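The chain below stands alone and is given as C-alpha cells, in the form predicted on its own.
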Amino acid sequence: MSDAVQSPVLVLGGVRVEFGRKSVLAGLDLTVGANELLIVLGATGAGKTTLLRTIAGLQTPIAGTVAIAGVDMTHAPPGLRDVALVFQNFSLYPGWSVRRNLAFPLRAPGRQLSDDVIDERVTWAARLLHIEGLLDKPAERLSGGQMQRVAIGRALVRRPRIFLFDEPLTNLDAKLREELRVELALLRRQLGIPMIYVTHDRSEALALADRIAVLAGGVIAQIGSSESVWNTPVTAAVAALLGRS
C-alpha cells in the first residue's frame, strides 16, 4: 500500500490529551484508510492506549477533532461511534459460556436483534476463529489463547466500522502470538474492515502492517509502509524503536 490514504474512514486532527500537567497526545494527526491494517508502534507509556481510548470515545481530548466516516465524533459517546476495542486482558465473564460471552454485545439495549440473527453472528465468528467446539464451554475453563480468541470474537460479532486492538497478544506465549498474528491479518482481508493495532513490538509491527505509524513525543513521528519506515527512519527515536540505532 502506498503512503497516501485512499477513502479515509478515520481522521484525527491536532488531538491533544493531558493528564494533569502531563501531555500524552500533543497535537496528534492521523488518517486511516477504509481498508487497511494500521499499526501504531510506540514504547511503553508513549500514549498508545490513550490514542485508542480517544478514538473509541472513552477519553475526550482537550483540543483537536476525531472524525469517523466524515462525521465529527469528537464529543460523541462511545455507543454512537461504531468501533470495537479489544484489550490485552481478556475481559470475559467467567461464569458464562463462550456462546453467551460472544452474544453479549449483540444483546445491548437498542440493538433489537432477533435470537436467530444473534445465533448466526455467534456461529459465524466462532467459525472464523476456530472455536466452534468451545461454544458451550465455561469461559473460565479456556486456555489463554482460547480466551483471547473469544475476546476478539466478541468484537467481530458487532461488525463495527473500525476495529481497535490494544496489544491483544501480549499475554500469550510466542507460538500463540505468531498463530494469532497470521489469523488477524487474514481476518482483516476477509472482513474488509479497517484495523488499528497498537504494539511496542517492532517484529509484530513489521509482520502485520499495511502501514506503520510511529508514536513518540505525543505525535506521529513517522508514518508509511513497513518498508519505508524500516529503510529510512526519519529520527533517532524512530530508529531506536525499530532497533536500527
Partner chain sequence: MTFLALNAVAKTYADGTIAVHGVDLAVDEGEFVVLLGPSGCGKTTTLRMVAGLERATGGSIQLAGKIVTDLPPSQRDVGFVFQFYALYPHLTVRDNLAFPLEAVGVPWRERAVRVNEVAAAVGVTELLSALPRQLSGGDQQRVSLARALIRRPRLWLMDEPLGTLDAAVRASLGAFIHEQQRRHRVTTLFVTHDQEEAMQLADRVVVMEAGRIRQVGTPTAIHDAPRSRFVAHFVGSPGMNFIPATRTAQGLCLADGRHLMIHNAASTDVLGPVIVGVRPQWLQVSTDESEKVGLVATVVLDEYQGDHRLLHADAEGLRLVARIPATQRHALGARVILVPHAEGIRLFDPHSGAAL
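Positions refer to the first chain, counted from 1. Only a predicted model underlies this, so the values are computations on that prediction, with no experimental measurement involved.
Omitted from view is the form predicted together with the partner chain, to which the following refers.
Novice: The partner chain in the model of the complex: within 4.5 Å of a heavy atom of each of A26, D72 and D82?
Specialist: No, none of A26, D72 and D82 comes within 4.5 Å of the partner chain in the model of the complex.
Novice: Which of A216, A185, A34, A63 has a heavy atom within 4.5 Å of the partner chain in the model of the complex?
Specialist: Exactly one residue meets the criterion: A185.
Novice: Within a 4.5 Å heavy atom cut-off, is L106 in contact with the partner chain in the model of the complex?
Specialist: Outside the cut-off, so no.
Novice: Flag L172 as yes or no: does it have a non-hydrogen atom within 4.5 angstroms of any non-hydrogen atom of the partner chain in the model of the complex?
Specialist: Residue-level check for L172: yes, a contact with the partner chain.
Novice: Test of understanding: in the model of the complex, would A43 fall inside 4.5 Å of the partner chain by heavy atoms?
Specialist: Yes, A43 is a contact residue.
Novice: If you check in the model of the complex, is A207 within 4.5 Å of the partner chain, heavy atoms only?
Specialist: Yes, A207 lies within 4.5 Å of the partner chain in the model of the complex.
Novice: Picking from 195 to 203, 216 to 224, 26 to 34, 64 to 72, which part of the chain touches the partner chain in the model of the complex when contact means heavy atoms within 4.5 Å?
Specialist: It is 195 to 203 that comes within 4.5 Å of the partner.
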